[in-house]
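This text opens with one protein chain seen in two forms, each one given by itself as structure tokens under the names structure 1 and structure 2.
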Structure 1
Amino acid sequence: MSKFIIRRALGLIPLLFGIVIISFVLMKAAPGGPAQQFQRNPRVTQTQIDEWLKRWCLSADASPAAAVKEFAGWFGIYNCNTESIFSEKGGLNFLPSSLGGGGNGIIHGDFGYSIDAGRPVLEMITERMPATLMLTSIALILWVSIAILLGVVAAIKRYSFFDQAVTFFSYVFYSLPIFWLGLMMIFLFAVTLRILPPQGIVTPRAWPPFNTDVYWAAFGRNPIGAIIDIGRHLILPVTVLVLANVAGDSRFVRASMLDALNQDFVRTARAKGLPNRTVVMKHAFRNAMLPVVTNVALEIPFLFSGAIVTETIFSWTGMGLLFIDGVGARDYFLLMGILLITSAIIVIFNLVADVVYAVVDPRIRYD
């Protein structure tokens, strides 16, 4: 297993590099760009614009050579200030700063600056990440647990009233657009009944902005009150995410479980007189989880980029809303940073899924 993990991890390096190139090309092909966006910002002087463009090898030149130089500067193997592969310290630019290398580029943790906010991109992403992780991790745990429970029971009680009810509600919620479902939840529980807050992470008049030093100081003084306040704000967006995803995943689990129950080894286990609980949970369930693991592993990375529609509707200041703001402002480096991090997480969780396969099904071995 360890050899497999090492081999796959090494194989991720060229894959991630290819993803970086594709992300860069797609952003370059999009209309507008950093230079045009800076011209729309009256707070930035032309001297500052010229210095910033030079730092990142950005110019009006649309030639392939200029694009390669820009990519190399963004990646960190080229120093745009010295206009060479050497840093100001004289060492190769891709080396760590402690070894005489440079400090620009994503390989050095420098994702550039947000054109709209004027802040480091990585700082903005790490600032918004906790809100998204809190929302999506809670939603993920709930919807995977509920989907597995509903799918397994529906498969065991095939064509029963329970199975028909689960099927009906799955089709209903799977068909409803998330934005419409979210707005209806706000209208019902926040506007009509007024029992839940409609938007945001915290109550503005009671608490400072979330994930700031002032907020954590207030959290330390009254942690119970802070948790209750965040919990009330979580109910609506989590409910929307759970309803929207349980609908599809429960059908997926049901189909996978039905396929496992019809296998020869399950019939053999029943013929041996094993209890039905043992047959279902020990033999059928573990085999049915293999495709489910794949499905969940592909869903998790998109949660890290944020439930974009849900965060926008509920003004949840996480990665999804940050991405929407970046698209609206055509924030070149911010969008590239989010795309890169999301792509990397997708690749990593595919590796995690392969490892989990061996845990779920002992028959799988990686030599």
Structure 2
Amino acid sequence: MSKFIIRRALGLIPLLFGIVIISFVLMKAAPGGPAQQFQRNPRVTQTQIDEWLKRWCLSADASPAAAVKEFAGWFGIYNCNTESIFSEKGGLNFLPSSLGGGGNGIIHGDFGYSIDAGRPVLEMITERMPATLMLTSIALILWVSIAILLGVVAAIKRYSFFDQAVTFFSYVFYSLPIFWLGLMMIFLFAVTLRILPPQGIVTPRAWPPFNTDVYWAAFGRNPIGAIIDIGRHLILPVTVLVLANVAGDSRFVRASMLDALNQDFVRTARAKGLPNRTVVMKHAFRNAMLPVVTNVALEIPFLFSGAIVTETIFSWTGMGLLFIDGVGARDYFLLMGILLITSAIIVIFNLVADVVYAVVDPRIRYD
């Protein structure tokens, strides 16, 4: 087992390196380029620009050698201040700082500065993370539970009216464009009925912007009011996410449950005269949940990457909206940082899904 995990983890390294190269090439190939983008921001002074350009080995030089240097600097192998692969301390630059390495590059956790905001990318991402995690984790828990419930009942009552209704609505909600669904729900509940807020995480004017120091101070003074306020803002985006995702997952659970119900051991259990409830819940259900658990593990990266579509519609200032704003502003460092972090999370959770599957299913052997 541990051998299997180690082998798979080692396999991740070339994959992660490939992701790093692809995101760099994507940004490098884009017209304009970071140096030009920096100049467009009026809030940034020329000395700051020069300092940044120097730090990231950015130059107007378009030669392949300059691009390689830029990549190596961004990755952290090359030190742009000493202009060599050695850091200021004299050690190889890719080593951790404590071992005499440098501090630049993504392998040292330095994702650079946002061109638009002029702040470290990592700081911006961690600041937005709580809002996204709050939205996505509530939605994920809800849609997985609902999907399991619907899928299992639909499988037990196969071809019944309930099963066909679930199938039909799954198709409809699976096909509806989620952003349009969001717009229509805003219109219905916020504009026409006026019972829910249309956008945002907190009510503007009544509360300071979410996840700022001022906000947490206000939260401390009136926690119940704050939670109610956020809760009201959560209802619409969570509903949209649940409706959009419960469809696919409930089909998955139904298929898995049907598969389990047709197994020989279920027939044996029935032949032994066990009550239907025991057969379904103990024999079939537990086996049907094996692939579902893996599927949920594969959905976890979504918690961090954020729901781009939903966050855009509901102006939910999380990771997804940060990314969209970054795309709009052509904020290279920010985009590269988000792409890298979310890809890494996806790759890691693919491994976790494999491991979880091996743990919950004793039949699987890895050697």
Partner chain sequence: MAETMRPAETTELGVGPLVPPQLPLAGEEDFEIQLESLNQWQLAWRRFKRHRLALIGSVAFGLIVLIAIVAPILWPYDVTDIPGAKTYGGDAPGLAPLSRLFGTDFGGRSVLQQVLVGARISVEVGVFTMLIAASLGVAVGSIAGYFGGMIDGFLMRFVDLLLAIPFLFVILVAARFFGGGDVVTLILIFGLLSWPGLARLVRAMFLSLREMDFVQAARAVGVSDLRIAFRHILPNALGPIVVSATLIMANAIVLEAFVSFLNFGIRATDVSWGNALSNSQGYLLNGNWWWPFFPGMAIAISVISVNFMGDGLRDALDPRARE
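For numbering, take structure 1's sequence and count from 1. Please read these numbers as outputs of a predicted model, since none were measured by experiment. Throughout, rigid core stands for the largest set of C-alpha atoms superposing within 1.5 Å between the two forms.
If I had to pick the form predicted on its own out of these two, would it be 1 or 2? Answer 1, the form predicted on its own.
On a core-based superposition, does residue 98 travel 2 Å or more at its Cα between structure 1 and structure 2? The answer is yes, as the C-alpha of residue 98 shifts between structure 1 and structure 2 by 2 Å or more after core alignment.
Taking the rigid core as reference, does the Cα of residue 143 move 2 Å or more between structure 1 and structure 2? Result for residue 143: no, shift under 2 Å.
Does residue 181 move appreciably between structure 1 and structure 2, meaning a CA displacement of 2 Å or more on the superposed rigid core? It does not reach a 2 Å shift.
What's the distance in angstrom the Cα of residue 7 travels between structure 1 and structure 2, core superposed? Reported C-alpha shift between structure 1 and structure 2: 4.0 Å at residue 7.
Residue 295: how far does its C-alpha move between structure 1 and structure 2, core aligned, in angstrom? The alpha-carbon displacement, core-superposed, is 2.7 Å.
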